[in-house]
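Just the one chain here, the form predicted on its own, laid out as structure tokens.
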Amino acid sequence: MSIPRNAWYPIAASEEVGRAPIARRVLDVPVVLYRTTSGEPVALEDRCAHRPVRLSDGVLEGDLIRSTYTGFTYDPAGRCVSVPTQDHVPYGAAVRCFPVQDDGSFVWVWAGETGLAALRTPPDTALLRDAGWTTFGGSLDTAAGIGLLLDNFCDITHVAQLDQDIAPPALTAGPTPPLEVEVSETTVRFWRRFDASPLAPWNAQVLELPEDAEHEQVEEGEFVGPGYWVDRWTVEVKGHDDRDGQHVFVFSHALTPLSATRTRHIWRVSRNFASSAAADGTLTPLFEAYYARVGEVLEQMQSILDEEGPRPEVAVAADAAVSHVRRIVQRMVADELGG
């Protein structure tokens, strides 16, 4: 899958970017990130204009970043403002400056044509900062293209094959209900409702419900953009007094294409119930192991594609969202290429 450049990508978690330069990458371009003295994020191409050295190995001097090898110093817009060997700065000495936004959860960079960045906004991640939700998560670099990760999020029926312990029994009770799919020009949303069935033991544990109790459950997924995916799993509890209501997990996936075959995956798991540290202690290792397992399988897929190339695939009903997401991404790439 080709990757759109005219899109916002979450290049780092907000807390990772501070007053020490850090190195990141997007679409094969090295990027240095830091914050100004007022706390604003800066994203510049991580290569000095004078010699092929990394600015991320440099030092900050106020709002400026100086290469410790060449001495070239750049402002937050990427313009060289001083060189150590002469009074005047060579004409045109500069490095690429990326449009950047920090929403409090992630630092987003616009990877494509700079002038288009103002026409779009990064995805809404407010839930991750909402006091009514408890969130934990992690990150991993996966040796697989971003398209393989998006394909995986489109179809959670794979969960039952990858990890029987984490999978909701609703996924293994028989043929899954058909997906309802809603498509816009740039987004895909889908959902389906499962008949009442038991919960996975870990889910019953954090909800403090009997393992044999049955509950209706709802799956929702949303392709928000190439760099962000959100899933929801809702358990509708009835007849259990103070436990009654909708208990929701939200799985947020921030994706940065490091290259055509490598993706940084920052994942977050949020819930509107069981805010205790004990629940975090139960859930965190469970999902860390699961996402590591998913990464291993996706890396195997990428390896097979690299060695053997793509082939026609057999489609099933669960692929209803996959085809829509692929078409949107392909159209975005085509638009960048002029049709």
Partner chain sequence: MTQSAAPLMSEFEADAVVAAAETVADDVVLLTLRPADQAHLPAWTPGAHLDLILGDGSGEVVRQYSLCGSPATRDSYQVAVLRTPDSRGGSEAVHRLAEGDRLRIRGPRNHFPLVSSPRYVFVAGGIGITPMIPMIEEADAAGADWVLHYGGRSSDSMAFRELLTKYGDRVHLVPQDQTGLLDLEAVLGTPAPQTLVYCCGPEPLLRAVEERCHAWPSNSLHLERFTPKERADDGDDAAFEVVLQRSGLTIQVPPGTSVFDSMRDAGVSVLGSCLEGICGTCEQTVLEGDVDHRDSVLDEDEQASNECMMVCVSRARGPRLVLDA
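Numbering follows the first chain given and starts at 1. Only a predicted model underlies this, so the values are computations on that prediction, with no experimental measurement involved.
Below, we turn to the form predicted in complex with the partner chain, even though it does not appear here.
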Does residue 175 reach the partner chain in the model of the complex if we count a contact as any heavy atom within 4.5 Å?
yes
Look up in the model of the complex whether residue 77 has a non-hydrogen atom within 4.5 angstroms of the partner chain, and give yes or no.
no
Taking 4.5 angstroms as the cut-off for heavy atoms, does residue 331 touch the partner chain in the model of the complex?
yes
Please tell me whether any heavy atom belonging to residue 157 falls inside 4.5 Å of a heavy atom of the partner chain, as the geometry stands in the model of the complex.
no
Can you confirm whether 180, 183 and 336, the three residues that make up this candidate site, all sit within 4.5 Å of the partner chain in the model of the complex, judged by heavy atoms?
yes
The partner chain isn't shown here, but in the model of the complex, which of 118-126, 99-107, 137-145, 85-93 has heavy atoms within 4.5 Å of it?
118-126
Position in contact with the partner chain when the complex is considered in the model of the complex, options 211, 113, 244, 130, heavy atoms within 4.5 Å
113
Contact set, 227-256 vs the partner chain in the model of the complex - heavy atom within 4.5 angstroms:
none
